[in-house]
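Read the single chain below, which is given as structure tokens and is the form predicted alone.
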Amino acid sequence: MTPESIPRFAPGHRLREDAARGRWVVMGPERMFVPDETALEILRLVDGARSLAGIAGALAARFAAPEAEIAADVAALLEELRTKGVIQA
């Protein structure tokens, strides 16, 4: 993925709140996983309109962190999820 890549959830995958259990989950065909807090912050910004650089910039501003460091973490997570078929770019 490049900074210009626009990630979105693959067909059949979505982030949703499991209110009964008080947690967020990523639902997919015949699978589900619970993202950790860092992954959740990133996945909440995956909207199919915002680029990888845009996601990193928003998180860097929110957490007053170095954007280059955030961008590397965002790219690594989204690339891992892309190889698993959860995210498309």
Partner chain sequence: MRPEPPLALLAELTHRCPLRCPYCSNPTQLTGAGEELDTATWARVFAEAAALGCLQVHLSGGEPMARRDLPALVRAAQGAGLYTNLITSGVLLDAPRLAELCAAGLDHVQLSVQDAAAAGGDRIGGYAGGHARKLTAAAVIRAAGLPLTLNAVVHRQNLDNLEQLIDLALDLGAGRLEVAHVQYYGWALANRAALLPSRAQLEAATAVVAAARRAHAGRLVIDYVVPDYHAARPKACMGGWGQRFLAVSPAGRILPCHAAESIPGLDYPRVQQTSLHAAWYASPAFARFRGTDWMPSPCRGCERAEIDWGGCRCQAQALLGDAAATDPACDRSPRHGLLADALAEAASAGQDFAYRQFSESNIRSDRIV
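The structure presented is a predicted model; accordingly, all values stated were derived computationally and were not measured. Numbering follows the first chain given and starts at 1.
Absent from the display: the form predicted together with the partner chain. The rest refers to it.
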- the partner chain in the predicted complex: contacted by all of G12, A20 and M27, heavy atom 4.5 Å: yes
- Message: Residue-level question: is T2 within 4.5 Å of the partner chain in the predicted complex, judged on heavy atoms?
- Response: no
- Message: Residue-level question: is M32 within 4.5 Å of the partner chain in the predicted complex, judged on heavy atoms?
- Response: yes
